[in-house]
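This document opens with one chain alone, in structure tokens, the form predicted alone.
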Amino acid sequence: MMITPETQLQTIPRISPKYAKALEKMSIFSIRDLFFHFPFRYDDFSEMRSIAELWSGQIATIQGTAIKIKNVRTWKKKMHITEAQIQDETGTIKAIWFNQPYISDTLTEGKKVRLSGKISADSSGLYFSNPVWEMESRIPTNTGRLVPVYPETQGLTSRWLRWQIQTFLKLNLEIKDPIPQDILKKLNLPEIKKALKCIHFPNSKDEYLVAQKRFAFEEMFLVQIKSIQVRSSWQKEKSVQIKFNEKLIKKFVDSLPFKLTNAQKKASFQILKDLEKSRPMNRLLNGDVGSGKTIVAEIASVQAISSGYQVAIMAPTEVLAIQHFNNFCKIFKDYDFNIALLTNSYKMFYSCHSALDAESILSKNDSVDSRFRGNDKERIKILEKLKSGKINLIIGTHSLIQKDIRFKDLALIIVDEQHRFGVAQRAYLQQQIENINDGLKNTVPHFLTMTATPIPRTLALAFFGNLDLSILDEMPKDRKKIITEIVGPLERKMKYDFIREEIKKGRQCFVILPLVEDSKILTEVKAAVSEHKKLSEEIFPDLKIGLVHGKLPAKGGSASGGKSKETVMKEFAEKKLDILVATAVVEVGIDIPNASVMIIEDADRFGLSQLHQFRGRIGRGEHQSYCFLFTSSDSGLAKKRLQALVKNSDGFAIAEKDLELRGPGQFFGTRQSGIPDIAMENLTNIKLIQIAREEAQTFLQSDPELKKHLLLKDALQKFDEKVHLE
């Protein structure tokens, strides 16, 4: 059988169907996939010792002969214990394994073995507890070296993976390197075959670090090439030029009931200047929770609509789309604009000069509201008005890019909370925007994306290199700082009493619960229902408490007569509820100015950036707000992390701290981003990203279509299939 890196593992006789199935769970199908399943850490078993040199607490490796083996079963704990005496020329030591009776089948008396692990001690002396072992005659794989530890799944151990990877590496298969040799040489990085050997079976820490750096560079290089290509392609497109009408904008800004921050003024100016250009804007507006991104979007919209063009605004959820509809209708009430809301369940049209008020439409009871909900005739009317240009501004979810939607003269698209759309949707979105039927010949709409997750500049450079960046790093001056406290188990009652007093004053409270994963079964609903019951029956029996979790229907109601998320949120917004118990569904989108208190249960389970997002749901009104971080954890690290939130209200500083403490994979969500782990782990290496970008720019100047570098072109195509950039 001819074996190549592309050989499917299921076709190799020694890999049984059971293992092939387990490998598939981890998306490992071929030998190449196995080679690129990298270790996430290394156990250092390289220190070889004689038995006489060992001490308690040490991690070491010995070589010796097994002189006595026995299996014991403890009936009390129903546990199998395997004991072996190992002897070398300096002494004897006991090795103990728990619940691994099969060890005595292969580790038999007289066998020469190598053992690695931690040395423990009891009244009878030193012993190895659950050591790793292998025959002394074997090339060190699991002992006596830096031993790779891999991401595993049920039925797949690091020991088995090491054996397979080492066996395939010995075959010296031809693996073509997509990175040109001159770049590797210039940066002192190893070629691919050497790097694979060093990342799986390094002889030293330096070897695996340089191998990791090489693969991180490869991924970053591909990210940057793709990013530059996307930017270059976008810059070749044409857009309508929307002249900056300073008088109009000044009048609009002066009519606002608040003063713009300097950051809002700067971002608005950057956007208005972009709209004047003949190539489409592609800008990311990155701002903290409550930094006022919406008003910047409204300034851009008033300019585009007043110049005779249409604007589309997309949000990831109906709740957020409805909120935008309310806000835009209010802010444009004195303008001759027609605004529509189009989601799967809402189809409505609002003229700023009609008798109907947008907020009253949305707060009417369901019998009246049915004129606007789930009505296909209403949708057809909106689509006709959109095509004829009678609608100036349309707000909705990503349903706005469906094929049957036609515009007359769409010149600006604004996407809110872009990172919530998910990788596949974002890729589809960018593609659809280039192909959208905007009614304007040979042009592409200007494109503004907004995110409320403050993204450290390192990540912005790595992820959004194809976008221009505007940052809102300044909060409105009238905003009161949210008082944040860490609350241990003994202080809970005091905080519950405080909440009762706040509710008596007319305030409202959020109680946020983490998503709990128990034995691989998501118990979010159970935890939320149980907390709701405890608060309703034991702590606040006299208060009205609502419940929202991920399993509730988004709208309508459940077959059992339960309420939908939308209904509960509406009740909370209308002050019909005092407390809302919720899981992470409230992270974005809900604006309840009257909510002044938030409890976050098991706060140590969340990342700092997510906690900051939650906290941003309160402090939106005139009242002093409080965020209580409930935790039962005794971990010093957990408290240190939470302390960063207590001391800091700057989302960008918190994001930097989160990045430092948890690493980029957890900060951004590796699965969501699509960026491979090895590149993710190196995203804090600004120098590496800058080098990758410079090399990509230089490289594309000499070979923009990669005609001379087909291996790289192929790698980029495969990379593009699994990773989508904005």
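The first residue of the sequence shown is number 1, and the count goes up from there. A quick note: this is a predicted structure, and the numbers were derived from the prediction, not measured.
Below, we refer to the form predicted in complex with adenosine-5'-diphosphate, which is not included among the displayed structures.
Trainee: Can you pick out, from H532, R620, K408, H398, the residue that has a heavy atom within 4.5 Å of adenosine-5'-diphosphate in the predicted complex?
Mentor: Answer to the contact question: R620.
Trainee: Looking at G439, G607, G117, G292, which has any heavy atom no more than 4.5 Å from adenosine-5'-diphosphate in the predicted complex?
Mentor: Selected residue: G292.
Trainee: Though only this chain appears here, would R479 touch adenosine-5'-diphosphate in the predicted complex if you measure heavy atom gaps against 4.5 Å?
Mentor: R479 belongs to the contact set for adenosine-5'-diphosphate.
Trainee: Taking the shortest heavy atom distance, is E218 within 4.5 Å of adenosine-5'-diphosphate in the predicted complex?
Mentor: Close contact is absent here: in the predicted complex, E218 is far from adenosine-5'-diphosphate, nothing within 4.5 Å, heavy atoms only.
Trainee: Mark K385 yes when one of its heavy atoms lies within 4.5 Å of a heavy atom of adenosine-5'-diphosphate in the predicted complex, and no otherwise.
Mentor: Judged by the heavy-atom cut-off of 4.5 Å, K385 is well away from adenosine-5'-diphosphate in the predicted complex.
Trainee: Decide whether W75 counts as a contact residue for adenosine-5'-diphosphate in the predicted complex under a heavy atom distance cut-off of 4.5 Å.
Mentor: Flag for W75 set to no.
Trainee: Mind telling me which stretch in 340-348, 470-478, 640-648, 100-108 gets its heavy atoms within 4.5 Å of adenosine-5'-diphosphate in the predicted complex?
Mentor: Going through the listed ranges, the match is 470-478.
Trainee: Could you list which residues of 230-262 come within 4.5 Å of adenosine-5'-diphosphate in the predicted complex, counting heavy atoms only?
Mentor: Result: F258, K259, L260, T261.
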